[in-house]
Structures are given as structure tokens and as C-alpha cells.
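Two forms, one chain: they're shown below as C-alpha cells, one block per form, named structure 1 and structure 2.
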Structure 1
């Protein structure tokens, strides 16, 4: 089939001056977009720059925007990708662009992954069951293609957020029954821009091409962190304050006192009150808040009893 690849050409900074160059190729419909780009580079334009390595969807290097969608292009046939015999190819938006559609993978993913402690630290457990390793094996499917990070709504506003790919790597070690540093790892993950900054929008899971479900992995990492007695990193006490305020609010009132949780999360009545004052005043003006005491909901005593029962059970388990 004959089709046109419209490939973004340009340097490290994207601007209105960046243009797309059209390359006409004749390939079979099952040819991958990556193979079509290689054909262009080998036969038409040796200056065309893009990333790619394994060609079978294992390394994740060849992630690009294909007609506006993030794709691992070695797995995308041109017959499926084309629209009216044309394919538009752009670099992924959140990674620094080196040239054309080639991105800086080190800054985009690997610096974040490498900011966490690597490798299993053997704890003496020599025999583990397949059931115990099942969640670990699922996390290990990750190829670091970066598509989950591309879909992340936190990275959209904060490029310093560690991102689902790096946090999935932490999950892989924390949930390995042979590792002896789980507590230290969740402390690392709990620092600012870490696991507690995820807004659980589920976009990462929706974008993952390998069914790893990274949003669930982040939620499970949070649960394991709390079970290990870690509610935040050492330099991120706001996460622990928020967690504790949320728990106290539901325990004592039967439901969430959002006003007080916000104030307590930012440091208490004085510091938190001053921090939240502009937001609070705006909410009052718009009728979205009031100054009345937060009332208990019906059945609050039963909910409080559940908290007491939970603490009793967990004390016994310890």
C-alpha cells in the first residue's frame, strides 16, 4: 500500500516554526510504523531521528504520537494506523525532545526510576510460591515505554512527579517476598512527588498497553505503606497529616469534614488556616462553604465502633 508519513522535524525546542515533512512509502499493511520509519531513514533521509531498539514491543524505546495517540510504534501496523493513507507522527509531549521525534529517555523516565533504591536485597527467604510472585511478575511486564506517564494527569501539571512507571518499579521490589527493604522503599516512595501525589484518575491504567494496571499498583503500594506504619516520607509530612486528619474526621463524625482535613493537612489551625484562607474565603463567597460546626451523620457511633474494633484486631495480629 502507498501512504504518506508526515513526521515532525525540528530541534530540541518545539515552536510554531517546527514543521512536518512528508515521506511517501510503499509498504505492506502489516508493516509496523517503526519499520516504515526505518525504511524512510535508510532509503530517503538519513538525517531523520527517532528512537527504537528491539522491534518487538519489549524495550519501549519507540513510543511516539501516531495521529495524536501514544503508541509503541513497532507494534502498530501501518494499515491500522493510517487515516486516508496518511500517518502523522510527533514526539511524545512530556519528554524533552532531542531532535525530530527522538526524546530524551534518561530525563523522561530513567532519572526518576534511578532515584529509588535498585535491586532486591535478599532477606533470607529462599522459597516463595507462584501466588506470592504473581503481582511481582505482572509489574515486571513493564517495558518503560512511558505511555502510562504520558497519560498521567499529575505529570500534565507537575513534570517532577515520579510517575506511574517509576512507582511500578518500586512496587516490584516492595511486593517481592524475598526483599528485606520494603519499609525503607515505601519511605522513599512517600517523599514529595512520590506515591501520595497520585490523584488516582486511572488514566495510567487506561493507557498501559501491557495490562499492568499501574494505578492499581500505586494504590496497593499506598496500602502496603500504611500497613508498614509509613504514611509519608521523612520530608513529606503533609501526606501523613492528611491521612491522619481524614481518619479522625470519619471516626468522630461518621463522614468527611473537608474543611478541617484541609486545615490539618497544611499544619493545623494557625498555619493551615492561614494557608487555606484565600480558598476558604472564595468558597464562602460562592456559597460552597459555611462557618457552621461540622455535624455528625446518623450512625456515626457505629462507624466509630468499627474503628475501635479495627484497632483491637490489628493489635492482636501484631
Structure 2
């Protein structure tokens, strides 16, 4: 089929009206967008810059926007990608652009992955079952294509957030039965822009093309972190304060004491109280808050018993 590839051209500076160059190619419908781009580079324009490596969906390098949607383009046939025999190709928006549609992979993913300790640190467990390894194998399907970033609500406002792919890499080690550094790893992952900054919006799971379900992996990493007694990194204690205040409130009252959780999360009665003062006064004026003490729910003692039982059940791994 005859196609026109409209590929974004230009340097590092992006703008809404980036210019696109039209390349005409004659390829089979099942030819991948990546192969079509390689054909352009080899036959028409050696200056066209894009990333790509394995060509079979293994390396995750050739991620770009195809008609506005992020794809691993070696897995995307032109026949499927085209609209009226045209395909518009742009660089991903979640990393600096180097040239044309080539993104800065270091800023995009490698700096983030490298901020966590690498490699399994052997703990002496020599034999593991397939069942124990299965969640690790699933996490290892990740090619770092970063399509999860397209949905991520945090990346959308803060490019420094480690993101689902890098946090999934931490999961891979923490859940490996042969690794002996789980606690140190969840502390690293718990620093600012890490696992506690995830807003569990489940977008990453909606976007991942390799069925890794990254949001679930992040939430499991948080659950494991709590079991290991770690509720934040060393540099962002407010994450742990928030968790502890929330837990105390539900454990002792059966339900949430929002006022107190907010005050405790922001640093306790004085610092948190001052921070919450304007909002609190405005809420009082509007009848959204009151000054009465937070009352226990009728089932509070049963909820408290569940917490006690939870501590007994999970005690062995603490």
C-alpha cells in the first residue's frame, strides 16, 4: 500500500505547531511503522532521527506517538496505524526531545531506574518454585517502553516522578525470593517522587501493552513496604505521618478523623494546625467542619480487633 508518513522534524525545542515532513512509501500493510521509518531513513533521508533497536517488541526503544497515541512502533503494522493512508508521527511528550522524534532515553527512564539499587543481592535461598517466581516473571516482561507514562496522572504534572516502569523494576527485586535487600529497596522507593507519590489512578494498568498491570505492582510494593515497617523514605517523613495518622484513626474510631489526619500529616498539632488553620476556619464558617471531638463508630471495637489480628497474622515477616 502507498502511504504518507508525516514525521515531526526539528530539534530539542517543541511547540504546538511543530513542522512535519511528508515521506511517501510503498509497503505491505503488515509492515511495521518502525520498518517503514527505517526504509525512509535508508532510501530517502539519512538525517531522520528516531530511536529503535530490536524491531520485535523486546527492547521498548521505538516508542513514539502515532496519530497522537503512544505506541511501540515495531509492533504496530502500518495498515492498522494509518488513517486515510496517512500516519502522523511525533516524539513522546514525557521526555526531552533530542531531534525529530528521538527522545532522551536517559532522562526518560534510565536516570529513574538508576536511582534504585540494581541486581539481586543473594540471600542464600537457592531453590524457588515457579509459583513464587511468577509475579517476578510478570514484572520482568517490562520493556521500559514507557507507554504507562501516557496515562500516568503524576508524570503529567511532574516529569521527575519515577513512574510505573521504574517502580515496577523495584517490585521485580523486592518480590524476588532470592533477594536480601527488600527493606533497603522499599526505603529507596519511598523517597519523594517514588512509590508514595503514586495516586493509584490505575491509568498505568490501563495503558501497559504487556499486561504487567503496573498500578497493582505499585500497590503491592506499598503493601510489602508497610509489612516491612517502612511507610516513607528518609527524606519525606510526611508520607509515613499520613499513613500512621490514617491507620490510628481507623483503628481507634473505626472511621476517618479527617481533621486530625490532615493536621498530623502536616507535622503535628503546631505545624499542621497552623497549616490547616485557614482551611479549617473556612470549613467551620460553611458548616463543613465542627469543633466536636471525633466520635467512635458503633463497630469501632470490632474494627480494632481486626487490626490486632492483622498484626498477629503478619508479625512473622516484620
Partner chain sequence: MNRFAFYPGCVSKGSCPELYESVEQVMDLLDIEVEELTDVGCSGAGVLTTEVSDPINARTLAKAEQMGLALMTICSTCQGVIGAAALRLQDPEYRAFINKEYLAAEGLEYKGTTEVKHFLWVLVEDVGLDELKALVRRPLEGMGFSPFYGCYLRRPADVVGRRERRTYIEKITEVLGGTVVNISGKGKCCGFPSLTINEPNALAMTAKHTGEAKDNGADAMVTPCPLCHLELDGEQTQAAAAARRTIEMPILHLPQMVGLALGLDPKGLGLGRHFVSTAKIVAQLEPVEAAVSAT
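Predicted, not measured: the structure shown is a model, and the values here were computed from it. Numbering follows the first chain given and starts at 1. Rigid core: the largest C-alpha set superposing within 1.5 Å between the two forms.
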item: Selected structure - criterion: the form predicted in complex with its partner chain; value: 2
item: Same-part call for residue 291 and residue 215, two rigid parts between structure 1 and structure 2; value: no
item: Interdomain rotation angle between structure 1 and structure 2 - two rigid parts, degrees; value: 15
item: Residue 279: CA movement between structure 1 and structure 2 [superposed on rigid core, Å]; value: 4.4
